[in-house]
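A single chain comes next, written as structure tokens; it is the form predicted on its own.
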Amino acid sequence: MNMLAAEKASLLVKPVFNLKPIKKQEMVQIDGNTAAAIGKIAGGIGFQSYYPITPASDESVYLEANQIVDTVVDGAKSSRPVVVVQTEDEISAIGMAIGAGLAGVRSATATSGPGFALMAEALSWAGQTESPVVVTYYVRGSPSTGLPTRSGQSDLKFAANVGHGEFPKIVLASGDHAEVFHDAILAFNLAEAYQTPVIHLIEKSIANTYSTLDKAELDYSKAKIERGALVRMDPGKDYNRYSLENGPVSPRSPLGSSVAWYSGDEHSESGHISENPTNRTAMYEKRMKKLDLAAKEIPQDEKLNVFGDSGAENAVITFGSPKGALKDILEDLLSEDKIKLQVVQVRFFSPFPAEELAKILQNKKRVIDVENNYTAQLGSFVSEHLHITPTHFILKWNGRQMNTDELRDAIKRAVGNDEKRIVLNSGM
């Protein structure tokens, strides 16, 4: 009995888990849906539409509960409304969000895979009419209904290529809860700066899990709202909504402030339907060059997160939720396994940061692609844009997110045993 008591006492003294102490600071526990919602509020959202679907609905429910937003302008307290509408279907949701954007408010909708599929035609219309709108796309297990209560990364190509025809769209993916908050604000800025749809990818594994963050990471006061070429005053009778004089982005006047025409058909500078081939070529190029402009203007630290050893011969590329597990294992891989890694978390897929990524991956002995899907969709982006094919793949598609133990073991197998394709399957 004395030995048993001594053993119990030793357990009380020696910690079971080797957790590092954190600095004393005001912390917040938050899930991904809420982080997205408060990010949208910080970003100045005025309108959100949605049709209920797992796991997107929780974001809109939070916005419904906080439709009166208190603000401080020049030291004076005021409040503003956020209109939230539950529509009859996802087609109506995206249509109403586009209409609200044309009326001059920051507008968004939130959905998941099946709902996003219904939005494809309207997103093409938004691209053709140069309409700013944000779609928060919560990625779950697919195809079809798939695993509605589980996660995955298999919708990446669908999001990047949604819609018929060629038109600019901006696609970005968050890797943790702090990024979700930040990217919700950024998405509005990009939609209005380039007058085009922005698709913000958030995985189910981030949406419905909790993280403890420094409250400063969710600071509203640091939110920068940039509305692009928005003209609030009546621009006059000679106003051309699609003027070619200003490059890819024309001055935009909200409905009600000017006379303008919006049509899904090809149009002239004024917005009237036109099938003239010279006009068609000019308008087509005007729209597509927005991506070139965005690629130049978006900072590299927004496009990519790079951490680890820049001199390592082994590079890991990933996106979204594997970021956390990869950051957690870097120190142990170095100190215990003598493996040096440089990790690149890709955050933008349209425009794709090909030039920046190529500089990082050049001369690497191994490029290890880590993804939660079967076909290594990020790897195919790299092959298409960089003409570099990853040398090794660590993949998982059972609906569960990657954990540190299995990922560390997989990295060791890829580097030490040169295993080319490793499939993970942990999780209940």
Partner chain sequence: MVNYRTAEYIDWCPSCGDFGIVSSETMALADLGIDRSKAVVVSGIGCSSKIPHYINVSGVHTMHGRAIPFASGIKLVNPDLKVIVNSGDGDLLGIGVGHLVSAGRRNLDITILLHNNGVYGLTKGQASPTLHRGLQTKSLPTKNINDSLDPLAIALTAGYTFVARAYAYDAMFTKEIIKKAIMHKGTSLVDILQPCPTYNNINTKEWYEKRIYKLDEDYEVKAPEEASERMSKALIKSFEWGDRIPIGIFYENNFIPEYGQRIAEHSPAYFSDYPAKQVIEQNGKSTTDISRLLEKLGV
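What you see is a predicted model, and the numbers here were worked out from it, not measured in a lab. Positions refer to the first chain, counted from 1.
Another form exists, predicted in complex with the partner chain; not displayed. Remarks below refer to it.
- The stretch from 86 to 94, 308 to 316, 149 to 157, 352 to 360 that comes within 4.5 Å of the partner chain in the predicted bound form, counting heavy atoms only, is 86 to 94.
- With a 4.5 Å cutoff on heavy atoms, residue 143 does not count as touching the partner chain in the predicted bound form; it lies far away.
- Not displayed here, the partner chain is kept clear of residue 281 by more than 4.5 Å at the level of heavy atoms in the predicted bound form.
- The partner chain is not shown here, and in the predicted bound form it never comes within 4.5 Å of any heavy atom of residue 208.
- Residue contact with the partner chain in the predicted bound form: residue 62 places a heavy atom within 4.5 Å of it.
- Residue-level contacts in the predicted bound form: of 235, 114, 163, 251, one residue has a heavy atom within 4.5 Å of the partner chain, and it is 235.
- When contacts are defined as a non-hydrogen atom within 4.5 Å, all of 38, 47 and 181 contact the partner chain in the predicted bound form.
- Within 4.5 angstroms of the partner chain in the predicted bound form, the stretch 193 to 232 places a non-hydrogen atom from each of 212, 215, 218, 220, 221, 222, 223, 224, 225, 227, 232, taken in sequence order.
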